[in-house]
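Let's start with one chain on its own, the form predicted alone, as structure tokens.
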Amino acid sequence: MILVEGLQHSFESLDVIADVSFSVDRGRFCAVVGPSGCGKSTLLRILAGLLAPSDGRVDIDGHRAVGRIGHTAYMAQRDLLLPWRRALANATVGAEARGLDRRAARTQSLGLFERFGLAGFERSWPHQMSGGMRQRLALLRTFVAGLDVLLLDEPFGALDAITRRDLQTWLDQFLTENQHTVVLVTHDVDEALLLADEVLVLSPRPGTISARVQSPYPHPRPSRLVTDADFISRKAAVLEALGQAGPRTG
């Protein structure tokens, strides 16, 4: 579903990404972790077609995707809800931007509000919603865009620990029932291993893949998994890799 080969990117004289290659099969979940400034968000913007890399190849579902939007649904770090639109109207923004039928997008969104824990808030303004509700609405908007590949950039980074854990559990359950191909950027190693099937560790800038750690547990995954000995061992492998640049597998 996603194929990345030899990806490199520089901002003028600043090398941000160096020789990144990986693939994500259809219906699989990949997480990317790494130190601040290593190019994680840049990588996601390249996959979304919002930024053309200096070199390298990106294929989405067999189509060349470098510099081309419309192959993926992208959720940035902030929810980016439009304050002049009510919740339901915000949910259909992505679908409308793709030229999909507005009435059909509205009907689909209405059907998802309960699934996303937002029933009864269809006509609420963004400022009337909690941080967790806004993030769920932003995720709902991403799903309604009607694309199979989801790119999530720190979707829960601004939330408190309890809300974040609740949304992690909710997202894991939802994606178990709705097979999407996902790439998640996060600073939270527990979150990466709880949600993803594989965790890619990027080195300090210029970011390159220094480790690939598998997370083979069946979905949906209970939050208590973080106390499992095997989980702790894999977390240690990720944390160790975050401190080194050489390649390793786990």
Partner chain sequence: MNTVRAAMRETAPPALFVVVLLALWELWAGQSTSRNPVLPAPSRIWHALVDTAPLLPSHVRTTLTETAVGVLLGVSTGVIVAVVVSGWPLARRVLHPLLVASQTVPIQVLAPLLVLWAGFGLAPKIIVVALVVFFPVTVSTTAGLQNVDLEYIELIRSFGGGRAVLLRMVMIPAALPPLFAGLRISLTYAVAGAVIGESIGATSGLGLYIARSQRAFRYDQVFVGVAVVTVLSMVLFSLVSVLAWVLCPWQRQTDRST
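All values derive from a computational prediction rather than experimental measurement. Numbering follows the first chain given and starts at 1.
Same protein, other form: the form predicted together with the partner chain, not shown, and the subject of what follows.
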item: Triplet Gly70, Tyr74 and Ala145 all within 4.5 Å of the partner chain in the predicted bound form via a heavy atom; value: yes
item: Which of 158-166, 90-98, 176-184, 109-117 lines the interface with the partner chain in the predicted bound form (heavy atom within 4.5 Å); value: 90-98
item: Close approach of Leu50 to the partner chain in the predicted bound form, 4.5 Å, heavy atom; value: yes
item: 4.5 Å heavy atom contact, Arg221 and the partner chain in the predicted bound form; value: no
item: The partner chain contact in the predicted bound form: Arg45, any heavy atom under 4.5 Å; value: yes
item: Any non-hydrogen atom of Arg136 within 4.5 angstroms of the partner chain in the predicted bound form; value: no
item: The partner chain: the contacting residue among Leu81, Met129, Ala105, Leu171 in the predicted bound form [heavy atom, 4.5 Å]; value: Leu81
